[in-house]
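Next comes just one chain, in structure tokens: the form predicted on its own.
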Amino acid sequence: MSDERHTVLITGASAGLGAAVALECAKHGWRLALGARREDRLAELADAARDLGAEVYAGPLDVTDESSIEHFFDAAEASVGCADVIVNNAGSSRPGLLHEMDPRQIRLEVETNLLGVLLVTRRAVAALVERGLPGDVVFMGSDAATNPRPGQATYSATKAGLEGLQTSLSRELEGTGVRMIKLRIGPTMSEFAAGWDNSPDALEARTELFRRFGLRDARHLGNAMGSEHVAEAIVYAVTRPRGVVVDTIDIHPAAPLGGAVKGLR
């Protein structure tokens, strides 16, 4: 593992996978720029990271708002310097059939999961290229990109879009030292689905929808990883020697495997 000291910018950092990545990076003494909409949760995370020895900037960030992104980057760079590791973690999803979805929810998922990543990555890469610095941009994707899910059409489409973005940017930035890393994450213990209807009837309806297509939902089978395992995988990828890139990380619980959808992030 490289002993290089990184400055890590994390979107959607206030809870779940974002918080786990922040705390794992803090253990290595890396500087952190933490952004999220829930400022109270963000402040608690910042204190926990500082207790681990990290230098931290924490501030409000809405990835769907260009002015919020610009303000956050400007403030973070003034506080902890230019980020050389960017973790695009902010995400949104609500299960449901597309033709029954509220258009506002569809727009929110696309703007958070794809447009927001484009805007954050644009700003981050511009800063690195302008300074001639190497770096890593991490896309927190999903196994839904390769196993699109019934009942999550918009989410699956946005995660497939991230894969195209990662490949395109890898080619655009060849020779700059800025690497693109994508994760395909299986079911993980986090707050991602905290706002879903998880009543027995709703769970049974989602399970039956999967069953109709010969699929299994590992979350309903009790198979899920800890968020820390995803965080450790990211640290591994960004600490590879320059000239080496971990392009894609498929990470999921050991079971269930096979052709089944491995679960819901």
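Computed from a predicted model, the values in this text were never measured in an experiment. Note that residue numbering follows the sequence shown and begins at 1.
Omitted here: the form predicted in complex with a small molecule. The next part is about that form.
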| query | finding |
| --- | --- |
| Proximity of Ala90 to the small molecule in the predicted complex, heavy atoms at 4.5 Å | yes |
| Non-hydrogen atom contact Ala15 with the small molecule in the predicted complex at 4.5 angstroms | yes |
| The small molecule contact at Val63 in the predicted complex, heavy atom, 4.5 Å | yes |
| 4.5 angstroms heavy atom contact with the small molecule in the predicted complex for Tyr155 | yes |
| Interface stretch in the predicted complex with the small molecule - options 37-45, 232-240, 202-210, 24-32, non-hydrogen atom within 4.5 Å | 37-45 |
